[in-house]
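Quick setup: one chain, the form predicted on its own, written in structure tokens, and binding and motion questions come after.
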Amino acid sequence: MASSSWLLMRRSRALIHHKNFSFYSLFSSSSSSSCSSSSPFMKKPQAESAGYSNDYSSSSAHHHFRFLRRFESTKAEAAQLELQHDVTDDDDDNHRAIDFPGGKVAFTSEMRFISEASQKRVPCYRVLDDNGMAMEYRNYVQISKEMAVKMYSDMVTLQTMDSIFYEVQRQGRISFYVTSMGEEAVNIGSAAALSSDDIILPQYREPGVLLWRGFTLQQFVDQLFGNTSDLGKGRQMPIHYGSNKHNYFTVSSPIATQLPQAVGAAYSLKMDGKSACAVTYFGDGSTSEGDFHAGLNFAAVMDAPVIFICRNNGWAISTPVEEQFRSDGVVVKGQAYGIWSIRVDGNDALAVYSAVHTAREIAIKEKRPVLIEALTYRVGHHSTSDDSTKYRPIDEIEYWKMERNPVNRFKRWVERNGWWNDSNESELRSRVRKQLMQAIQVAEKAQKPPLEDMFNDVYDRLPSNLEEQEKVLREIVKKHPEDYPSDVPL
């Protein structure tokens, strides 16, 4: 184990295997260690599942980045090509190649199509098993007691926020909410591995990243209620958080639009010589959007220091992963674009932290993008507008909620280290709940933003068409006051 994986990564760049890190080239004939071909999101509870086997070999228990060797010049003396083929050594075609733009391409007399997928699935990197025990063969970035306690505390805080805010919405006190239940490790594990200088472009299920960066509970509640203290001045739906202070771009509802934007932000950091990267989050459903493919290709071609973190939680609202794509998940899509990629156990906070920590060093020091596929599970409904029991079995939900709960798993590991006990647990949960209830009371009493805030902050001087719209709106509100909120100042 090493406190930092960067030195090991640098020494391993030219190798396929080096110590505990296993790299996979696009042209390698050998696949990863054995992994079940069944979906990691089983329909019925099983003792073992794809990518989550407790019987890991030493190589599959460590980092597995998939990368494509790149050629800067076809004339470069060091240019080489690894090509998988089954022709004999005395085949004349084996010694012929075309000097094609991008690198030399060898010829073969055998007509052979590349199959749609490898017979063996890419393994899933993990550090802790389902009981919070460290794997026998493990390689991870070590964390201090203070870091571990803060990670666990924020995971519990996020869990408590979801529980209370969901009920507040059900009571009709806010209009909408989205939980992060089951995905706390992806949120907090990744956030802990990043620097405050790194730019975050979230989807909508990453409030834990903002929580880690210091966004207060009161600020979360103010946004949900859309009052005058809301940084967005009530213009956004609930859970569409944003904070310039915390380098956290405001959430936008359209799927995957943040991916190419993140690449642009990353390229800007690179041009300015900043020691920082851009990080963008998205779900498995986003990989079916054109922006996903444009973003990855853009990042690869421009060598942008950006980390793509896919929360593959099994469901894109009601669409299961097996209906979303035919490939081996998301990790192999990065390989197709020439991006280093890794699949990680998204319910293992230590594994997520280690993978993101290493990916950040690669992105910044190598000036290249990295794709991380975090296998997790959305325990909650897609949103408060959804009832997931209509399209997935309740026993599947309960299995992931109880047996593979990321908060409980990390808690067991922290407790085994002697860093946490029942007294700490009781005090934390009581304190967080009390703070949230107080914040809700304050937010509900706060005044709503004035009507004029719907029109300002865009133009230095309001255009005539918007002036006309504001005038008409005020007249309608005065004429039909019963149809509009009475607590919005005119």
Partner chain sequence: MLRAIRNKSILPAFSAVRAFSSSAKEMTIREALNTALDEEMSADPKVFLMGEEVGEYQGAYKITKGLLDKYGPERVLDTPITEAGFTGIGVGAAYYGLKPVVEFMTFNFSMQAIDHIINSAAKSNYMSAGQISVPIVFRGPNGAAAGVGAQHSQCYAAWYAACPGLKVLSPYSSEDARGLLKAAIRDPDPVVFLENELLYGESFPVSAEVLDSSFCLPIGKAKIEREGKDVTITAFSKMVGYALKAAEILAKEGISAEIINLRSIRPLDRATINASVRKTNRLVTVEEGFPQHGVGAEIWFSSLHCLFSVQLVNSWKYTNLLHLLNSTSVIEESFGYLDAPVERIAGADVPMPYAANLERMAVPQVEDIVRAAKRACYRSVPMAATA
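Given the structure is predicted, the values throughout are model-derived calculations rather than measurements. Positions refer to the first chain, counted from 1.
Form predicted together with the partner chain: not shown, discussed below.
Using a 4.5 Å heavy atom cut-off, which stretch among 158-166, 391-399, 320-328, 263-271 contacts the partner chain in the predicted complex?
Careful reading of the contacts points to 263-271.
What I'd like checked is whether Asp99, Val332 and Ile362 together line the partner chain in the predicted complex, meaning each has a non-hydrogen atom within 4.5 Å of it.
No: none of Asp99, Val332 and Ile362 comes within 4.5 Å of the partner chain in the predicted complex.
Should Trp315 be counted as a contact of the partner chain in the predicted complex, where contact means heavy atoms within 4.5 Å?
No, Trp315 is distant from the partner.
Is Ser115 a contact residue for the partner chain in the predicted complex, using a 4.5 Å heavy atom cut-off?
Taking the distances in the predicted complex, the answer for Ser115 is no, it never comes within 4.5 Å of the partner chain.
May I ask you to state whether His357 is within 4.5 Å of the partner chain in the predicted complex, using heavy atom distances?
Answer no; every heavy atom of His357 is more than 4.5 Å from the partner chain in the predicted complex.
Tell me, yes or no, whether Gln447 is in contact with the partner chain in the predicted complex, where a contact means a heavy atom of each within 4.5 Å.
Although the partner chain is absent here, Gln447 would stay clear of it in the predicted complex, with no heavy atoms inside 4.5 Å.
Give me the residue from Leu217, Val414, Met302, Ile143 that has a heavy atom within 4.5 Å of the partner chain in the predicted complex.
Flagged contact: Met302.
Pick from Tyr337, Tyr177, Phe298, Tyr204: which residue has any heavy atom within 4.5 angstroms of the partner chain in the predicted complex?
Going through each option in turn, the one that passes is Phe298.
Can you list, in sequence order, the residues from 463-481 that come within 4.5 Å of the partner chain in the predicted complex, counting heavy atoms only?
Contacts from 463-481: Asn465, Glu468, Gln469, Val472, Leu473, Glu475, Ile476, His480.
So the C-alpha spacing of Asp483 and Ser383 changes by 3 Å or more in the predicted complex; is that change toward closer or farther than shown?
Farther apart, which means the C-alphas of Asp483 and Ser383 are at least 3 Å more distant in the predicted complex.
Just say closer or farther for the C-alpha distance from Tyr177 to Tyr484 in the predicted complex, relative to the shown form; it changes by 3 Å or more.
Farther: Tyr177 and Tyr484 separate by 3 Å or more in the predicted complex.
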